[in-house]
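One chain follows as structure tokens, the form predicted alone.
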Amino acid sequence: MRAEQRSGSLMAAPYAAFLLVFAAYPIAFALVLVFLQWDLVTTPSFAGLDNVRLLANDGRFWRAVANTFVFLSIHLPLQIATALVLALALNRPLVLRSFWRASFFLPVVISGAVVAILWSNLYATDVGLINRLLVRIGLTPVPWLTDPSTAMPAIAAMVTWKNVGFYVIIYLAGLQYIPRSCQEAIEMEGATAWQRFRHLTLPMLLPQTILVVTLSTINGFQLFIEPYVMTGGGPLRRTYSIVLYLYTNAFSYQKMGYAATIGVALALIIGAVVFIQRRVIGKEETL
């Protein structure tokens, strides 16, 4: 028995070392930085709770928090609805079904910076393809990325397009596990297509929906590349995300202690939001 325990410990040692080096140590270092002032050049100095007090009264940070919640309020419903509709469509017998499934997943593996540059050109006010199409059908061009009221929705739509393929795969996997006997039984009862979707498909896909909501929320709070490349946080800081503000403080202002404080606050916000989501959706699951 002891030999088996030693063998198990030896086999787990590389993974444990990986966690210590790339997870435990960075987390511990970030927590220490919360109480320090450090500009990457001079020796770190103890700051007590100065960084925490600064964060509590930092209007730019709370503006970034509000912007991120605006993004999530648009992105989450759009992501869930789009992924579910596409999964239902791709679950049907289609010509070249494998090709279509791969096509929707392709944007997921493309670099985020490349996608952001591509969509910046599509959103361009004067020469962008989207506005050219609007002009062609008689509509007025929209300043997608330069108007404070449209910049964040435009970014949310782009992020949805890029990530939807991943969530389509999750929903497709759930659709494969809906028993055929249940589908046949509800059809024999004379249920319409909407009733089959409402009373069978949606309840059976609730675990997948919980997973999609959780992953989309976590990824949404990490919004960085898109506003960094497309708007730089503007216009009027309406697309300034929490991670972009963290990056600016760390690498533009060299306030590593304050940047670490923002990171810890972000982790706490994500944990609280995901916890609330799971409690709310969990209630639906038990009904």
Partner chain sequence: MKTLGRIALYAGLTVAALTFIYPFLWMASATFKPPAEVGTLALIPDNITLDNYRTMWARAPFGRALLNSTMVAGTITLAVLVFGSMTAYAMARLRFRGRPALNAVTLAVLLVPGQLTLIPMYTLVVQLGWIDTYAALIVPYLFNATAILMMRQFFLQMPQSLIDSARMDGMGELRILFTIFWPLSKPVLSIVAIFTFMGSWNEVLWPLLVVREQQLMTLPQLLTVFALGGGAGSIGVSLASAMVLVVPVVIAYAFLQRNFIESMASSGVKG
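For clarity, a rigid core is taken as the largest C-alpha set superposing within 1.5 Å between two forms. The structure presented is a predicted model; accordingly, all values stated were derived computationally and were not measured. Numbering follows the first chain given and starts at 1.
A second form of this protein, the form predicted together with its partner chain, is not displayed here; the remarks below concern that form.
J.: Taking any heavy atom pair closer than or equal to 4.5 Å as contact, tell me whether A250 reaches its partner chain in the predicted bound form.
T.: Flag for A250 set to yes.
J.: Classify Q37 as contacting or not contacting its partner chain in the predicted bound form by the rule of any non-hydrogen atom within 4.5 angstroms, answering yes or no.
T.: Close contact is absent here: in the predicted bound form, Q37 is far from its partner chain, nothing within 4.5 Å, heavy atoms only.
J.: Should Q222 be classed as touching its partner chain in the predicted bound form when contacts are defined as heavy atoms within 4.5 Å?
T.: Close contact exists here: in the predicted bound form, Q222 approaches its partner chain to within 4.5 Å, heavy atoms only.
J.: Hey, in the predicted bound form, is V264 touching its partner chain, heavy atoms inside 4.5 Å?
T.: Although its partner chain is absent here, V264 would touch it in the predicted bound form, with heavy atoms inside 4.5 Å.
J.: Which one, V213, V142, L72, V108, lies within 4.5 Å of its partner chain in the predicted bound form by heavy atoms?
T.: Selected option: V108.
J.: Which residues in 8-43 have a heavy atom within 4.5 Å of its partner chain in the predicted bound form?
T.: G8, S9, M11, A12, P14, Y15, A16, F18, L19, V21, F22, A23, Y25, P26, I27, F29, A30, L33, W38, L40, in sequence order.
J.: Would you say L10 moves its Cα by 2 Å or more between this form and the one not shown, aligning on the core?
T.: Superposed on the core, L10 moves its C-alpha 2 Å or more between this form and the one not shown.
J.: Superposing on the rigid core, is the CA of F275 displaced by 2 Å or more between this form and the one not shown?
T.: Shift at F275: below 2 Å after core fit.
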